[in-house]
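Take a look at this single chain, the form predicted alone, given in structure tokens.
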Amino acid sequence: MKIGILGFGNMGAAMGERLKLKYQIFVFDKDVDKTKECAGITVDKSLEELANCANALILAIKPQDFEKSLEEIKKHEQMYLIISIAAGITTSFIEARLGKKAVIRAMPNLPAKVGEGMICITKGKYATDIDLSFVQGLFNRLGKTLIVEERLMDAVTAVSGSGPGFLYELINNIPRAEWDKFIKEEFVPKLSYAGMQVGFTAEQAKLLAETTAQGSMSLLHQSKTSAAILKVRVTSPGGTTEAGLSALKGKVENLELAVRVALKRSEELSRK
């Protein structure tokens, strides 16, 4: 299986580094500086070149780059599987532009960089259960996976996607010695409850909350940086985490409200 990755930012690079251990990986990013030090990964010179050699293509690009990229991808019939990790881009949006191609949508969070992400996955109209199982296997290399209905993907973005930013904000003003107790007794229960309020089952919400907390702390420890810096890295201008943080105001009792505000922002950004 030849896997292409379009876009080599934080998440694209994280996937490439972990997937190259088992698969033949090809990558293209219009910013050549992002791919100049790739090792064990073939760097292509254009999207056309990438599309010509890959059987499955991971779209790790910004939503504003989708329209033009899909126009190019549509020309390549041999590419049977499209995997999108872009927030707010639905499978139907992609299918409307590519025709009857198998499309899987995934939402990983930042801790996937250290193999402890929370990744939710859903399939489009033309994807099979075999396609879904294959993609789940890919993302199991980046953390824990959960298959959900696509109607929940905006909620995924609000809970596990924005969750690391919320946690980093909250622990930033807490003594390090109190972090574990705070996460166990305050953050995880409140994030689980918020998850149930936006549509997840109790079991799903608990998995999302626990995995998000554990992965976020692993990333914090392994990155050897501060919670404040990681909060900035997970917060895109105008995005869901930024919206949620404005409601959180550094107080754990506002966590449910932060999730609801992040969900609303994700719905506003979605392309259906």
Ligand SMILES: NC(=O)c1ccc[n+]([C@@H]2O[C@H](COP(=O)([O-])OP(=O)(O)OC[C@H]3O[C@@H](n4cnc5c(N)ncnc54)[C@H](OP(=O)(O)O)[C@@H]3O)[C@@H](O)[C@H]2O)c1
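The numbering used is simple: start at 1 and walk along the sequence shown. Here the structure is a predicted model, which means the values were calculated and not measured.
Another form, the form predicted together with the named molecule, is not on view; read the next lines as being about it.
Remark: of stretches 204 to 212, 62 to 70, 222 to 230, 243 to 251, the one touching the named molecule in the model of the complex is 62 to 70 (heavy atom within 4.5 Å). Across the proposed site, 25, 116 and 119 without exception lack any heavy atom within 4.5 Å of the named molecule in the model of the complex. In the model of the complex, the named molecule stays beyond 4.5 Å of every heavy atom belonging to residue 155. Residue contact check for residue 11: one or more of its heavy atoms lie within 4.5 Å of the named molecule in the model of the complex. Residue contact with the named molecule in the model of the complex: residue 104 places no heavy atom within 4.5 Å of it.
Remark: residue 44 does not count among the residues lining the named molecule in the model of the complex, judged by a heavy atom distance of 4.5 Å or less. In terms of contact with the named molecule in the model of the complex, the residue from 94, 85, 81, 183 that brings a heavy atom within 4.5 Å is 85. Applying a 4.5 Å heavy atom cutoff to the named molecule in the model of the complex picks out 29, 30, 31, 34 from 29 to 47, in order along the sequence.
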